[in-house]
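The structure tokens that follow cover one protein chain in two forms, given apart as structure 1 and structure 2.
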Structure 1
């Protein structure tokens, strides 16, 4: 949260000594608020004021990085509660729990399953982000062995979850280069975990049973020299967890309350795969920075990954489909030609209706910056000129033997001009996509 010039002024010595090069402390404060100078120009500022000013200039929820290199995971730095207010910035990490009570072959099987989880959707490759190895066995060597197998078997980012700091130190030494997230499972051992994270400059997750405990734990970790912190709350149920995570995020955002200004991690509790999926979706939509699940089956992981992709889409930037000719069904050179915009929902809706009409057709999506028909028309992105240009250059002339095009009913006003400049015969289709099926059936 940015401070005003006046807020900054209150923290300065108010002696107007001019050592900073400004004539008064107030002038310096104003310049600082506008980022025209830096705080170190004033040699007299107190340590306390310095800390207050520095913390105010940081984002309310800290950005945390797990891993290194291209597939590192960045979470946090969120600024809003609802995506329509701006957007959600850093897609939550999605990872899998690997417990060290599994046999070596079971671990290898899990790793192989996880490695195969890669999907392509709307031009983006989506895949999980990390593996969380848990020291369930309480056995130091077993933990190290499991971590090693995971290290050898994948390039994935890693989280290490355990209660015992000696076991954790051993595991960390095996994978330090991957900058793992160290998860302290037992708040009784927090001090040792803090030392461990500080020494290795690693992100640390604190596990707590409520928000108050979490705030104390993060304050302690920060004091102990840990910069990157993640909060894990063991709430008594699903609604409790969503409520806690919402309250922490809101308090961090609205009050710039530092001890809660960190991203969160959420583990699913449900054993049944369908309910686990539902639980994971809840966390992905509601304020988890990382969601850790057990199930690795692709028919569960895929919808979860797509949910995350949807929710983290930038609402300011409409999702576009490529402006081109889409063939629906077994088209021929006599099939109808429909034109619309390249807003993804517009296209999907029109395509769905054309498909259900069972009349093979061409849909041409004009490049309208991904706007819907009415918006694009109002913004002059979907004009007679634009449509004419598209019809004559996109290649449809070579694909059909006729020169008849259907335009959306909402832009019927364009029909005269479009006919005139394009040389195509223009038919006005229905206003809503739901009318397309009937329209196409009667279309000659």
Structure 2
């Protein structure tokens, strides 16, 4: 049972020293109860209190790290059921299944396809995170050979999936330095896999058919010395898995039930691309820590990556671009100057239309706290005064030989005052970004 803030407060020093970063011990206790801080922030807590507060100080869902260095994948450590309550912190991993029954050329092609899956969207680079090599052949040497090809062909994180502990040990010996996720596919061999994961200090995924079995398996793995555990629910349909994921997360967060306080890994079942994409998106939106798919075609992977990007952005903080001057095309000192806000979707939409027009232009993004044009105007973040200050201080006057600026049509009401206080001639552009291409082609 999770401790309340008052229960925790009774065990703290009650000195109000502020060394933990909070104004009082009570404030620290309340934050600890809500999983918003950790016990190690208090340097004066006694050993006896530490022991009593262990369950309250640990995250309700364990943080698991796969891989090492800058490329590592971190999953888990979430604190809320719903994104609007706060935010989700660690994006789910997106990976691809590579079975060792494939030929060497087929494996190489799959690796090449996976390596090419990098996209830029709203100023962020999005890409998958890992490759899961599965011992489908039941052949130890073939499994090791496939793992070696994947290691040599990619810098992605690696997961190893199999039933045979001896074959798994051989594969692990090849890539231990890259800290792979070891997936035990047969609960009957769990003891051997626990020893293997403990010896190598590796994360272990336990495969179970239901929640009760999962709780038992994770408890067993933890008793065996494995700290980083992932749960793989098998032999269930899509709706059954999602129900289990939601129940497991709720039980971990609301009841502080430790045996289910671990992230999950989910494998898609469908071989039909459209259905597999829908299945993968469902898992990503409903609490899977890792989603493993088969299809590597860009037109199917991109929507999945976009979904993950949207879910794991902070809903209380708009995605922004840097407030500055952006040059589109080979600009000159006579190129048009357009002004807008620094909301990322607004900027990239405008930039795309400017590119389509083939008219080199400057785009100035005013700092509007990442709000869209109308929202920023309504919130008085995109005003004539703000635009005037930006025009006069951002450096655009040293880059162009004219004093003409284009403002969005939705804020045409600002044109008169902006001309008066800025000294720039104001042209009112189209209301919708889709009209920018034709507008610029006729612009003088």
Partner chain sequence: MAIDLVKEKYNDAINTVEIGPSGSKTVKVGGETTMPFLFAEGGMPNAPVVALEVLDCEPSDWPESVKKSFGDSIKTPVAWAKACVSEFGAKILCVRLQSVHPDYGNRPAEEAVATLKSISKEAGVPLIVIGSGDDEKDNEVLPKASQALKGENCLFGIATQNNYKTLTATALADGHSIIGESPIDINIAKQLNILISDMGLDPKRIVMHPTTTSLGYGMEYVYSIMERARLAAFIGDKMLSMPFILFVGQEVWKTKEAKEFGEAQGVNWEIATSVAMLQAGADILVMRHPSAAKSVMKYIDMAMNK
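By rigid core we mean the largest C-alpha set that fits within 1.5 Å across both forms. As the structure is a prediction and not an experimental result, all values here were calculated from the model. Numbering follows the first chain given and starts at 1.
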*asked:* Two copies of the same chain, shown separately. Which of them is the form predicted in complex with its partner chain?
replied: 1
*If we fit on the core, is the Cα of residue 69 displaced 2 Å or more between structures 1 and 2?*
no
*Rigid core superposition, residue 328 Cα moves 2 angstroms or more between structures 1 and 2*: yes
_Residue shift check between structures 1 and 2, rigid core fit, residue 242 Cα at least 2 Å_ = no
*Core-aligned Cα shift of residue 389 between structures 1 and 2, given in Å*: 3.0
_Core-aligned Cα shift of residue 363 between structures 1 and 2, given in Å_ = 8.9
*Rigid core fit between structures 1 and 2: Cα deviation of residue 341 in angstrom*: 4.8
